[in-house]
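Just so you know, structure 1 and structure 2 below are the same protein chain in two forms, each on its own as structure tokens.
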Structure 1
Amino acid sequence: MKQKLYDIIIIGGGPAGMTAAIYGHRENLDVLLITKDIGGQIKRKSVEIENYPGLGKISGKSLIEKFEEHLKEFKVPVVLDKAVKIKKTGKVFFVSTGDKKQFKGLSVIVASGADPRPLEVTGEKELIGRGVSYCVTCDGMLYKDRITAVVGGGNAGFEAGIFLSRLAKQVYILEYGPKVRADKTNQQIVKKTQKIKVITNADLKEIKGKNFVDTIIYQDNITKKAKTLKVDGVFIEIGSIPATGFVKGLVDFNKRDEIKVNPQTGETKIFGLFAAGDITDNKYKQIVVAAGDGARCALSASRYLQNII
């Protein structure tokens, strides 16, 4: 049986990937979406979103459900699998997956997002799932009336702390630098929350616990003294690593391992291969920006296909 040739294969089921699929379908193209899960980081991590136009305040889970409902209206086929390799032969791309399947397409949009960045401190790996977590919406409910720490003073860290403050009896937010990086709105919310204590100049050195986390040790960057906090859980919120391993050797990257793209089209150095969302060298990592990237790439792919078919 002859293998189907898609117009566009999209890799990644977050806002960028789903928007690309919607726009690709509206261009009357044969689209396939390959993703290990629907929603990406937003479904796993975002607690409340207030800056997506037209929706006011909405949870990350609810926003992704709206994306998914829209996608289902167009009946775009979805393969729940992980892309592990892309190669191009002539005008055709071949996408291989973890389940050892292969799909053919005339163009590809990579929108695979990013994975949580580990701290790589003593005790972290050993206690993953036993008090160490990278997903507050996944595991936060386990810490009702307990003591938790969030590592990271950016928006993700503050949003995690705000979420935990509704459950835990005490939340510490540790920031390595002298100032937190969260936006003013999140800072104001935290200031009004009696349960959250922000600690700056804190360099986490060790996570301890026999069976489960019970203690963290950090160094004060000013006094250089080690300090100890008794906690039941630690949530790591120090950023993410672009999920780009499967395109190594195929595209160009910047120093942060993000894919370099043409800012007008989203195209990489390989004709017909586009990238969208947090995996690109786009400066601003926002949901609305990722969705815009997905739309741009789908429209660019449509124009590309008009030229090669």
Structure 2
Amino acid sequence: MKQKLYDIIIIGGGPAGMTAAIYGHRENLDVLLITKDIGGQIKRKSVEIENYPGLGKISGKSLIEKFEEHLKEFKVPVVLDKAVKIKKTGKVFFVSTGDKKQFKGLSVIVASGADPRPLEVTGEKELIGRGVSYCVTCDGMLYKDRITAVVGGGNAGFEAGIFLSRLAKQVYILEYGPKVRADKTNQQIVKKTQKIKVITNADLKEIKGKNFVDTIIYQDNITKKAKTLKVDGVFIEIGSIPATGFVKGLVDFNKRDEIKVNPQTGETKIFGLFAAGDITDNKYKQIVVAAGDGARCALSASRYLQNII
């Protein structure tokens, strides 16, 4: 039997991939969604969302169910599998999966997301959503007049600290090494912000709290002594792990291993291969941004198909 040739193969069933599938279908294209799971990060981490327009406060699980219901209305075929390789021969992309299947498409949208890099310290996992957060834009507002710590002395950590200092009573920024890695501009802003205290040589060992975070314990890397800080929240800003293994060698990456895209179209350097959401070098990692990216890529793929067919 002749193998079906899809117009668009989308890889990843998070907000970016599902929105791309909805938009692809609405462009009257033959779409296939290949994903390891439906929902992505917000479903896996069971979080409360307060910044998705039009829905007020909603759990990540309920929000993603709404995306899923919408997708089901359009009967877009979904294959629950892991993409392991993409190859382009002539105009056709071949996507191989972990279950040793191969799918053919005229265009591909990579929306395989990323996971925040965990610290892997005692108490971290148990207190996610109860004082431990990986996203200051998402949860910063909850810490008005409270005490917070940010782990990570790079730009992400400093930007998180600056954001929090507009709300929180006190912000600690903990850096493992002897020097912070944030750029000079961020360092100067932090210096002027009296509410922020930067602690270098700080190796966070434990996050404690019965129902919510109340204390963190770090080791001073010079004196080797354990120190305690009373905090209400801990933001972990030590980078993320993008799911890009299957496009290595095909597209360009930035130094964080994120796919470089044209911000207007979502195009990568390979014609017909687009990328959307947290997997890309877009600065802001948010659901609404990922969904917007998905829409942009599906519309770009549609224009691309008009030109090649």
Ligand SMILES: Cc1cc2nc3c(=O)[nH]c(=O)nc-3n(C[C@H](O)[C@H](O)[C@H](O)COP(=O)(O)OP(=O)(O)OC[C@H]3O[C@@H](n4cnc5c(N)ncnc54)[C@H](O)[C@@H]3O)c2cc1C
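Structure 1 provides the reference sequence; residues are numbered from 1 along it. Just so it is clear, the model here is predicted, and its values are computed rather than measured. We call the rigid core whatever largest set of C-alpha positions still superposes within 1.5 Å between the two forms.
Colleague: Just flag whichever of structures 1 and 2 is the form predicted together with the named molecule.
Modeller: Structure 2 is the one predicted together with the named molecule.
Colleague: I'd like to know, for the two rigid parts the chain moves as between structure 1 and structure 2, whether F103 shares its part with G249.
Modeller: Segmentation between structure 1 and structure 2 puts G249 in the same part as F103.
Colleague: Give the rotation angle, in whole degrees, of the smaller rigid part relative to the larger one between structure 1 and structure 2, based on C-alpha superpositions.
Modeller: Turning angle of the smaller rigid part: 63 degrees.
Colleague: Can you give me the Cα shift for L119 between structure 1 and structure 2? Core-superposed, in angstrom, one decimal please.
Modeller: Displacement of the alpha carbon, after core fit: 3.7 Å.
Colleague: What is the C-alpha shift for N221 between structure 1 and structure 2, rigid core superposed, to one decimal in Å?
Modeller: Shift of N221 at C-alpha, rigid core superposed: 6.0 Å.
Colleague: Could you tell me the distance the CA of F158 travels between structure 1 and structure 2 after a rigid core superposition, in angstrom?
Modeller: F158 C-alpha displacement between structure 1 and structure 2, core-aligned: 16.2 Å.
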